[in-house]
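The form predicted alone is given below as one chain in C-alpha cells.
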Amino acid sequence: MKPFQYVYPKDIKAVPKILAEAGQTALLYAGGTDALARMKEGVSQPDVVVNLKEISGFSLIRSDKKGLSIGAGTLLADVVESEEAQDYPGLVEAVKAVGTIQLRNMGTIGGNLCQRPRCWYYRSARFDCLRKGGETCFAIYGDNKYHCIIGGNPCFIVHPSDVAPMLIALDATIEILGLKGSRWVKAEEFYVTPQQDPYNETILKSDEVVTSVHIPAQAKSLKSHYVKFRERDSFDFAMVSVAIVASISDNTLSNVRIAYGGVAPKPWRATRAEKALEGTNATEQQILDAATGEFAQAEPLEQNEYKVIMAKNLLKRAIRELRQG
C-alpha cells in the first residue's frame, strides 16, 4: 500500500472540490469494507483518501409525506433497525442480505451502491483486465461461474450490490453532489453497462459523490420482497437475486416492478417480465413464460448457464413469498 494523503472534510459541500483537485487519484472512504479491500489488493492506489465519516448529516433516516430519505453515510445496520424503514419491507430484507452482521455494522448504504466488482480477475493485481485499462476480459475463457449471463461484453462482471436491485424496484432516486451542485437520478439510471463505459459501473463523474437515497411514499402502499441465492448463508454475494414490488388484489398482480441482481454488470431491470405479469394471476406457467422472455437474449458463459434456470425459479419463489407476506 503506497503512501497517501488522508483528508477529513467536515462539510459534504467540500468533497467535490477535493475530488476535482485530486482527479482519478482520490478514493472515498466511508465504511471501508470495499475501499480498504481494494487498497490492500492493489486495485486502488490513491494519492488522496477522503474520509466521509466526520461529515455532519451524512448519516440520517427520515420519513415524511414524500417518502423515506436515507443519507449515504447511514450504516446498513441502522437501516435494518430503523422504525421508519419497516414501511418498506423489501428494503429491510435486501439490507439484511448484505454480508454478515459485522459488515453491516461497518458498511454504509452509499458504499453498498457504489462498491466495485468482486470479479477475481479485476481484484487481482496479477491480471491487467479490461476494467483496469487492459485489453482482455479474462472471464470469457477463464473461471466464470459467478459472472454475468446478460448485458455483458466486453466485460462480464456482475454488480455486487443487494440494495441496488431493491431500490430500483421501489422506484427510488439517488442524490449526487458535484461542483455544479446537486442532481437527482433514478436508481435505475445510476448504473451503466460495459458497452456504455467499460471502466466504471455508475454515472458518477470524478468530482461527484452520492449524498442520499429517496424512496417515494407511494411504495409504502405496495408489497415488496427480496430473495437471494448464495452458496453460503453468510458473507457470500448473490449468485442470483430478485427484488419485486407489486400490488395484489383478488390474486391479480399490478404495478409490477422487478429487478435482478447477480445476472448482469448492473442491477437488471426486468421490464419484459414486468409487462408479461402485469394484470395476471401470475400462475407458475405465466411466471415461467415471463422469466423465459426476459432472458431470451441471455448469453451464458461456459460455467454459468445455471443462472438462467436459477433466475426463473427465483422469480417464482419471490412471487410466492410476496403473496404470503
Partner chain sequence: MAPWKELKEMTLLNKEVTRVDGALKVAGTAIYTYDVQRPGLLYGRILRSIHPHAKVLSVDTSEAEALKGVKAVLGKIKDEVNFVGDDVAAVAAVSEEIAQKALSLIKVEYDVLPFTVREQQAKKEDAPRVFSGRENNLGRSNENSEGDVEKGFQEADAIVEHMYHMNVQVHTPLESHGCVCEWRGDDLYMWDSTQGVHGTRSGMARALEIPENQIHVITHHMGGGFGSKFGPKSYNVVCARLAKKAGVPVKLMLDREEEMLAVGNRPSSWQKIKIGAKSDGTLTAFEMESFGTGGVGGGAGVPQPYIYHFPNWKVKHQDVHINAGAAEPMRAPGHPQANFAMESAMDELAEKLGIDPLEFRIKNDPNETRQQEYKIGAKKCGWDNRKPSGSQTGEKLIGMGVGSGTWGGGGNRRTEAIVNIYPDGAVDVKIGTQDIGVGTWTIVASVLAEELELDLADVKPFIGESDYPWAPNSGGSTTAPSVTPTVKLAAEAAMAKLIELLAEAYETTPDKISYAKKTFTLTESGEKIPWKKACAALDGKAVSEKAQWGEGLSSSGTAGCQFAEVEVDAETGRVKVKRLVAVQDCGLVVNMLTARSQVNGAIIGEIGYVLFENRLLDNDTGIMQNADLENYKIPGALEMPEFDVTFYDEHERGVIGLGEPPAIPGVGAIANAVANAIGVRFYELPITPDRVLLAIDKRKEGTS
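Numbering follows the first chain given and starts at 1. If you're wondering where the values come from, they're calculated on a predicted model, not measured in any experiment.
Heads up, the form predicted together with its partner chain isn't pictured, but that's what we're talking about next.
Only one of 138 to 146, 197 to 205, 164 to 172, 213 to 221 places residue heavy atoms within 4.5 angstroms of its partner chain in the predicted complex, namely 138 to 146. Mapping the unseen interface onto this chain, Arg118 counts among the residues with a heavy atom inside 4.5 Å of its partner chain in the predicted complex. Taking the partner from the other structure, its partner chain in the predicted complex has no heavy atom within 4.5 Å of any heavy atom of Tyr122. Proximity of Asp233 to its partner chain in the predicted complex: non-hydrogen atoms within 4.5 Å are present. For the chain shown alone, Leu19 is not a contact residue for its partner chain in the predicted complex, no non-hydrogen atom being within 4.5 angstroms.
Annotated contacts: Lys66, Trp184 and Ile248 are all free of its partner chain in the predicted complex [non-hydrogen atom within 4.5 angstroms].
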